[in-house]
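First comes one chain, alone, set out as structure tokens in the form predicted on its own.
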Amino acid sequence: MKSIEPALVIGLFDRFASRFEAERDALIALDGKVGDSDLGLTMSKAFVAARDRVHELEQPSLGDLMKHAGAAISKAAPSTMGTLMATGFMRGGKALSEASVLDISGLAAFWRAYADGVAQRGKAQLGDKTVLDVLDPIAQAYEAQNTDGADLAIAGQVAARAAAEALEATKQMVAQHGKAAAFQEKTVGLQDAGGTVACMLAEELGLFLNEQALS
């Protein structure tokens, strides 16, 4: 499978909303260790709003789909992570503004714009133990798969594995941003909560691409 029509991509947001509703309590518990415990509620509200908004759109382009999802997230979840996710989808949507279908080059452009947007908005660098430490490897994985001309479903699997490995690597980092930064060395051994969200996005996208390949 080399491409997906925009109308089918709406189903990806059903997966995101279901995943974050299912993971709400787990994210609350994870965020509560060195944060303010609101991540599960924030992400659940954010992606329910994104799902509902994209289903309201009539024949959206890929770019509009992502940008409207970002705007819905921004409105529903005006927290730090909500703002970063909104920025990512809106920057990614801009990168897809000329795309008529979702293909591997579009996914590479989307995730690079997503990661760069989050880095700029959050003023984070790689190694700071933030969501960026998982987003950047996702972007790199799709860029490499684009260079290789990979099938979409295979690329999704590769990116999801890269995200899981990157999330595991955050356990060895010391938090440098947000409330977690106050705990410094106590954050070692804990996976980053924001990175966990990014990993879930990559996993659901990978499952969605595989689902589309089998349909």
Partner chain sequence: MKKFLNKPESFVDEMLEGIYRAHPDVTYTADDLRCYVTAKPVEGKVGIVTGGGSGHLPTFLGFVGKNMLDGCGVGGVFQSPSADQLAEVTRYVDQGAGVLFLYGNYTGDIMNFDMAGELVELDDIETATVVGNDDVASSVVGEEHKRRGVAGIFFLYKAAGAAAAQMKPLAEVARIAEKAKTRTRTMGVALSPCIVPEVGKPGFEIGENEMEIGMGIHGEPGISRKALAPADAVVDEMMERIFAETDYAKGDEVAILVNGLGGTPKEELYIIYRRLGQLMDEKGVKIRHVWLGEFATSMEMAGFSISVLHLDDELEPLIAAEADTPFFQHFAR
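Positions refer to the first chain, counted from 1. All of these numbers come straight from a predicted model, not from anything done at the bench.
Unshown form predicted together with its partner chain; subsequent notes refer to it.
Mapping the unseen interface onto this chain, A86 counts among the residues with a heavy atom inside 4.5 Å of its partner chain in the predicted bound form. Using a 4.5 Å cutoff between non-hydrogen atoms, P78 counts as a contact of its partner chain in the predicted bound form. Although the partner is absent here, A71 sits close enough that one of its heavy atoms falls within 4.5 Å of its partner chain in the predicted bound form.
The closest heavy atom approach of R91 to its partner chain in the predicted bound form falls within 4.5 Å.
From the list 25-33, 62-70, 38-46, 170-178, the contact stretch for its partner chain in the predicted bound form under a 4.5 Å heavy atom rule is 62-70. In the predicted bound form, its partner chain lies beyond 4.5 angstroms of every heavy atom of every residue of 186-215.
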